[in-house]
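Only one chain is shown below, in C-alpha cells, and it's the form predicted alone.
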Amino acid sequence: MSAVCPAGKALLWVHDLSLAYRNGGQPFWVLQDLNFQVPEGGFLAVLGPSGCGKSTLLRVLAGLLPPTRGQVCYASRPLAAPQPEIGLVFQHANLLPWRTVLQNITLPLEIRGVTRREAEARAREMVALVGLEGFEHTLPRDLSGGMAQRVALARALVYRPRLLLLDEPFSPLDTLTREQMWEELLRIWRHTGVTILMVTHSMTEALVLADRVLVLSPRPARLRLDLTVPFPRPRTEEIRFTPLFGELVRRIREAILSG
C-alpha cells in the first residue's frame, strides 16, 4: 500500500523508493530503499560510482519512470507522471540545430500552446537571466559549450519550475567554464528560488553548490551518506582550501569507494 504524502514537510519526499528492470523475467534492481526529502528552495547534490543509478533516479523524480516499490511525493501529492513544474536538464544541451537560441527556449511553450507573443516574452526573460543577451538569433553551431548549457537551463526555466533536476550539466565543459557556470547556477537559484537536485561526479562541485550531499552505493543504489554542507552562503573560493573542505571531500570519497 502506498504511503500517505506528508503535507507541508518538503517539496520532494522520497519514501522506500526501489526500481527494478526485467532481465529475462528476473528483476534487475537499480534503486533500493531510498529515503530522503528536499525542502522548498533547497539545493541537493547526488553522487555515486558510475552506473549506480543516479540518472535513473532523476528520471523517477521527473515522473518519467514509475517506481517498482515505494513512493515519490511532489508538493504533498503522489508523483505519477511528468509535471510542468519539474524541469530536467541533461548532460548534453540537446538543442535543435535548426532553431535559434530564442526558438530553442520557446519550444516547450509552443508545444503547450502558449501564444507566440507570450512565449517569446518569457524566453527573452530567460535569455537575460542566463546572460545571453545579443545571442537570441544565434544557431547552436555557433555557441560554445557553456553557452549551449545556458540555453538548456533557460529552456528548462522558461516553465518557471519549482523543481529543477540537473543530470551532470557541466561535466562536458572545461574546468574554467565549469566554475563560471557554478556561479551562474547559484545566481539563477538565488534569483528564482527554484529547488535544485543535481547529479554530479565532482565532489568539489557538490560542496561548492549544495546544501546537502547524498552519496549512493554501487548498484542497486542505496543511500550511503547524507551530508549537510556546513559552509555559509555566499561561499567564497577560499573554502576549497580549508581543512574542513578537505575533510568533507575525504568523507564523500570514502563513502563512494567503500564496498
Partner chain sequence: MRWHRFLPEILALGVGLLLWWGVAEWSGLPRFILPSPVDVYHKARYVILSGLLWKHAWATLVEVVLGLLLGLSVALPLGYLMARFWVLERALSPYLVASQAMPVVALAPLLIIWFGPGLFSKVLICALIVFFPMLINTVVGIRNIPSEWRDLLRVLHASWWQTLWYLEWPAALPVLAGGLRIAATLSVIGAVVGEFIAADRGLGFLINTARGRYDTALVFVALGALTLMALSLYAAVRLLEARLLAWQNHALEGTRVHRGG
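Small disclaimer: the values here were computed from a predicted structure and weren't measured. Positions refer to the first chain, counted from 1. For clarity, a rigid core is taken as the largest C-alpha set superposing within 1.5 Å between two forms.
Heads up, the form predicted in complex with the partner chain isn't pictured, but that's what we're talking about next.
May I ask you to check whether R77 falls inside a 4.5 Å heavy atom distance of the partner chain in the predicted bound form?
Heavy-atom contact with the partner chain at 4.5 Å: absent for R77.
Using a 4.5 Å heavy atom cut-off, state whether P49 contacts the partner chain in the predicted bound form.
Judged by the heavy-atom cut-off of 4.5 Å, P49 is well away from the partner chain in the predicted bound form.
When the contact criterion is heavy atoms within 4.5 Å, does L225 count as touching the partner chain in the predicted bound form?
Although the partner chain is absent here, L225 would stay clear of it in the predicted bound form, with no heavy atoms inside 4.5 Å.
Check whether E183 has any heavy atom within 4.5 Å of a heavy atom of the partner chain in the predicted bound form, and answer yes or no.
The answer is no: E183 has no heavy atom within 4.5 Å of the partner chain.
Hey, of 38-46, 59-67, 229-237, 190-198, which bit sits against the partner chain in the predicted bound form at 4.5 Å between non-hydrogen atoms?
Flagged stretch: 59-67.
Does anything in 109-141 come within 4.5 Å of the partner chain in the predicted bound form by heavy atoms, and if so which residues, in order?
Counting only heavy atoms within 4.5 Å of the partner chain in the predicted bound form, the contacting residues of 109-141 are E110, I111, R112, G134, H137, L139, R141.
For T115, does the CA position differ by 2 Å or more between this form and the one not shown when the superposition is done on the rigid core?
Yes, shifts by 2 Å or more.
So, superposing on the core, is the move of V151 at the CA at least 2 angstroms between this form and the one not shown?
V151 C-alpha, core-superposed: shift of 2 Å or more.
Which way does the C-alpha gap of R190 and L143 go in the predicted bound form, closer or farther, given it changes by 3 angstroms or more?
More distant in the predicted bound form, by 3 Å or more.
Just say closer or farther for the C-alpha distance from E133 to L173 in the predicted bound form, relative to the shown form; it changes by 3 Å or more.
Compared with this form, E133 and L173 lie closer in the predicted bound form.
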